[in-house]
Structure formats: C-alpha cells, structure tokens
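Presented as structure tokens, the chain that follows is alone, the form predicted alone.
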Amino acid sequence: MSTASVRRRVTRRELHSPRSTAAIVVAVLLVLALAWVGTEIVIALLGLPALLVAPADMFASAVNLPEAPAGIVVAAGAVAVVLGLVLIVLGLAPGRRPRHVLETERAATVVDNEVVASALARHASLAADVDPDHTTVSVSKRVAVVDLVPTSGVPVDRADVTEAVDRELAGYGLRQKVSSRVRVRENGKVGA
C-alpha cells in the first residue's frame, strides 16, 4: 500500500465521523424493545399479569388499528415517519468533523477549524489594528467569517483585513479552498 493511499485513508478517517454512535443507540433500543416483548410473552405463558401490555392485547391493538381514532393513527404514523427520516439522514449524510487537511509532502496534517480561526483572528486583529478581544472568526468547510468590532473613532480598512486573511489562508495550503468574508461592525467599542 503506497504512502499516498495511506495518507488519504487517514485524512478521510479524521475528517468524517463514524456512524457507530447512532448504530449503537438504535441497536440498544431494538434489543430493549425485543427484550420487553419477550418478557411479556414469557409472563403471559406463565399466567402472570403483564408488566405493561399483554401480548394478546398488543396483537389485538395491531389488528384493530383501522378502527382506532384517526388522530392517534396519524400521530403514530407521523412519529414513525420522522424517526425513519432521521435514521435515513444519519445513514446517508456525510458526518463531517470540523477539521481541514493541510497539504504537506511529508505527512497527513489535520487541523481543527478552531485552530485556523484562532490564527486568522490574530492576523485580522493585527491588520485592522483592533483589540484581539474584539475579533471573532468562525471557520466552516468553505468559508471563514471574520467579525470585527472597531475601536470607536478609528476606521478599519476592510480591504486590508480581507487581504491579510486571504494571504494567511493561502499560506496554510488547505486542501479544501476556504474563502473569507470580513464584516466590520458599524458601532465600535471604546478602545482599551
């Protein structure tokens, strides 16, 4: 196996979250439901009173479902549809962790979005001459949003900040291109 393919596998594993938690929750719920039904059947065979519902009553309720009030049937159907859709989305949607891959020749380097955001906040605050506490950056899969609150009376050149942030992003060599969006608040804070 080549190092490039190993690197691709490792980075994919680090970027995408596993479905094991959802699968375990569904499996545990199914096991509990089946254990309850099995317990009810054993209790009914022993002639003891049911814990919640006797198996004969469960079967009769299922058979008489068309005669039940429409509101209850619709509500139960809606709950079943929502649960089914949630499970389908969990099964098919890509679970992406908030991380990016840095292109390097020597190793697979994966970095959290928070680390990229922190570095961009430092550079944006220096370029804008704004207190670092007044700079907020959020990084998603494709966009880094820089939010600056300028010091009162001191103008901020948005183009300079955008250029500094873009230069910094280009220097990281991120595999997935991240564009920047700089927002400068109209109302400033009293400087420190």
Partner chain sequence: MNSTNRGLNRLLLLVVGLLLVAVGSAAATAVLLPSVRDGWKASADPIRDQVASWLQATPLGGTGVSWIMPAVLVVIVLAVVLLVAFALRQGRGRTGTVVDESVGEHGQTVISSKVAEEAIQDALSARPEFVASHVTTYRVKRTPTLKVSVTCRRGVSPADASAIVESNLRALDQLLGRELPALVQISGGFRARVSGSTRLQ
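In this text, all values refer to a predicted model and were calculated from it rather than measured experimentally. The term rigid core refers to the maximal set of C-alpha atoms that superpose within 1.5 Å between the two forms. Numbering follows the first chain given and starts at 1.
Not pictured, yet referred to below: the form predicted in complex with the partner chain.
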{"query": "Contact test in the predicted complex: residue 38 vs the partner chain, heavy atoms, 4.5 Å", "finding": "yes"}
{"query": "Non-hydrogen atom contact residue 140 with the partner chain in the predicted complex at 4.5 angstroms", "finding": "no"}
{"query": "Contact flag, residue 19 vs the partner chain in the predicted complex, heavy atom cut 4.5 Å", "finding": "yes"}
{"query": "Touches the partner chain in the predicted complex: residue 184 (any heavy atom, 4.5 Å)", "finding": "no"}
{"query": "Heavy atom within 4.5 Å of the partner chain in the predicted complex - residue from 154, 48, 53, 31", "finding": "31"}
{"query": "Stretch 68 to 93: residues contacting the partner chain in the predicted complex, 4.5 Å heavy atom cut-off", "finding": "70, 73, 74, 77, 80, 81, 83, 84, 85, 87, 88, 90, 91, 92, 93"}
{"query": "Residue 69 C-alpha shift between this form and the one not shown of 2 Å or more, rigid core reference", "finding": "yes"}
{"query": "Exceeds or equals 2 Å, Cα of residue 32 between this form and the one not shown, core fit", "finding": "no"}
